[in-house]
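Next comes just one chain, in structure tokens: the form predicted on its own.
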Amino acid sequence: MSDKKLIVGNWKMNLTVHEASLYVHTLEKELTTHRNVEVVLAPGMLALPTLALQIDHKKFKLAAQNFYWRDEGAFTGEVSAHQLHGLVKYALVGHSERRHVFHEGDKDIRAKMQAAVRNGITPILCVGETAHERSENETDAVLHDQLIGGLANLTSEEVEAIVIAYEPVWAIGTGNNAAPHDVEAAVASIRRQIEHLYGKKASDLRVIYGGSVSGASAGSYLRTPGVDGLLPGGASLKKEEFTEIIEAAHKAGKGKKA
């Protein structure tokens, strides 16, 4: 496991290719590179080839927001992990918007996890409970089901190298921040369940947090025990705020090996 804090900016369906290029150009000029922080950008699919050529790969890595689990074939309109190989280092899998808006189930998610690993891309498996599930005290059970559903096709060694993102659905894009102690409890639950399923070594995998993360709240989450980074959404589209999050990660990661 890397000791670097991992910051993944999920741009969602925002910015044209031109806008994305301009944003990265200004961000790159103003951002201070820190050896203890890994910064990942997840732009729209159309911008990936352009940004892959444009970015300073010492400053940024790229992630895909989505992909199809088959490597090739008659799947009009889809992009595979095989096609993304060489463009991205990471890929989001099972984001709540994919689960709840596009109705992706466990079968889709575990096939995508396997496809990412097969093609040398590190998957970031997103898990988290809805407001109703939280109110019914079902957080642990939901996390258990989503972890089993997403990881069933992977070996212990493969699980060791992936990233888990805890993203409570009720906090994403709502402005309702999860309290750090709630995040700590959920992350601890994730690690316990990974250890039970795949062993102690696998439970040391990277776990990051996402859900209405802002520049102001980043530091408290990054100092939360067990949290290895953040997955901001809207804040990653605001240059000053995203830079603030990265600086918070640098401060939180001081004293750790890069």
Ligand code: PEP
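All residue numbers refer to positions in the sequence shown, first residue = 1. No experiment lies behind these values; they were computed from the predicted model shown.
Another form, the form predicted together with ligand PEP, is not on view; read the next lines as being about it.
Quick one: find which of 205 to 213, 32 to 40, 186 to 194, 219 to 227 has residues within 4.5 Å of ligand PEP in the predicted bound form by heavy atom distance.
Among the candidates, contact is made by 205 to 213.
With the cut-off set at 4.5 Å between non-hydrogen atoms, does Lys12 touch ligand PEP in the predicted bound form?
Output for Lys12 is yes: heavy atoms within 4.5 Å of ligand PEP.
At the 4.5 Å heavy atom threshold, is Lys112 in contact with ligand PEP in the predicted bound form?
So Lys112 does not count as contacting ligand PEP.
Spell out, yes or no, whether the shortest heavy atom distance between Glu167 and ligand PEP in the predicted bound form is within 4.5 Å.
So Glu167 counts as contacting ligand PEP.
Given that the partner is absent here, does Leu231 sit within 4.5 Å of ligand PEP in the predicted bound form, heavy atoms only?
Yes, Leu231 is a contact residue.
Interface residue in the predicted bound form among Val142, Val117, Ala91, Ile172, criterion: non-hydrogen atom within 4.5 angstroms of ligand PEP
By the 4.5 Å criterion, the partner-contacting residue is Ile172.
Using the arrangement in the predicted bound form, list in sequence order the residues of 69 to 96 with any heavy atom within 4.5 angstroms of ligand PEP.
The one in contact is His95.
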